[in-house]
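Only one chain is given next, in structure tokens, and it is the form predicted on its own.
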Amino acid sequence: MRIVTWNINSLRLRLPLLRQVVALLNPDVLCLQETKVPDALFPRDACEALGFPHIAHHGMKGYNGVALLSKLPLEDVRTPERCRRTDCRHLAARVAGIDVHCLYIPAGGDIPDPELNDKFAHKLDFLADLTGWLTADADPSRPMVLAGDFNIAPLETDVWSHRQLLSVVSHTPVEVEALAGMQAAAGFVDAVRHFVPPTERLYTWWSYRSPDFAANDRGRRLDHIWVTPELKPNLQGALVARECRGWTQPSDHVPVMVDVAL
């Protein structure tokens, strides 16, 4: 099963790029974040025409939004609320016996201080909520995939400059520690780093502010796919589709792909 996660940054705006991504990567399951479309306006027909007869979505006008597009049946579809908010950041379904969770973790604003920045406080609360659920409520008998825009670059090689970004939201020690706690809650394996050594620089996001993302290459690895330990032997390969960032009107994120043997 080929799983692709992508923060599309407006589904309706980037439907042509979605077609290109599907043609390039041929996913079986596509996890989308920041769809920015309310459920009533979701372009289901266009997504079905791309070869995905099984679709689940959880969206709102203008912000956030997550979706699962699948060639395989989606069972037990859920839209969990985190931090007692209905802000369309978590969508889950069972696919071929695997629980696939599409996540859009809050970005956290610009100031890395929960006392001064409500958005950063929400980000930390969201991570704590997920960690608590994984620790106490998640069904350990179900193999699980977490995929999405986690908005955290945990490793020094996940950012263009560890030293310069230590105080920048997405790479601060408190965020990295919180993400590590979430990963440890179910022993998740970072499926991409399973294939790409931690010593190698790897990014999935480049700011729109950069006039030439490829030349400057000031990126961060914010998008992740994790699997529970029983799926580790099933991992077949991984890819970050960096070339998509150079397309016309791109998302600032690029798709991330992992193959899991069933």
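Note that the coordinates shown come from a computational prediction; the quantities given were computed from them, not determined experimentally. All residue numbers are counted from 1 along the displayed sequence.
Omitted from view is the form predicted together with the DNA, to which the following refers.
Student: Using 4.5 Å between non-hydrogen atoms, is R14 touching the DNA in the model of the complex?
Tutor: Because a heavy atom of R14 falls inside 4.5 Å of the DNA in the model of the complex, the answer is yes.
Student: Closest heavy atom of D223 to the DNA in the model of the complex, within 4.5 Å or not?
Tutor: No, D223 sits far enough from the DNA in the model of the complex that none of its heavy atoms falls within 4.5 Å.
Student: Should A107 be classed as touching the DNA in the model of the complex when contacts are defined as heavy atoms within 4.5 Å?
Tutor: The answer is yes: A107 has a heavy atom within 4.5 Å of the DNA.
Student: Give a yes or no for R201: in the model of the complex, does one of its heavy atoms lie within 4.5 Å of a heavy atom belonging to the DNA?
Tutor: It does not: once the DNA is placed as it appears in the model of the complex, R201 has no heavy atom within 4.5 Å of it.
Student: The DNA isn't shown here, but in the model of the complex, which of 25 to 33, 223 to 231, 56 to 64, 193 to 201 has heavy atoms within 4.5 Å of it?
Tutor: Contact-bearing stretch, as computed: 56 to 64.
Student: Only one of H162, R142, K119, R78 comes within 4.5 Å of the DNA in the model of the complex by heavy atoms, so just point that one out.
Tutor: Of H162, R142, K119, R78, the residue with a heavy atom within 4.5 Å of the DNA in the model of the complex is K119.
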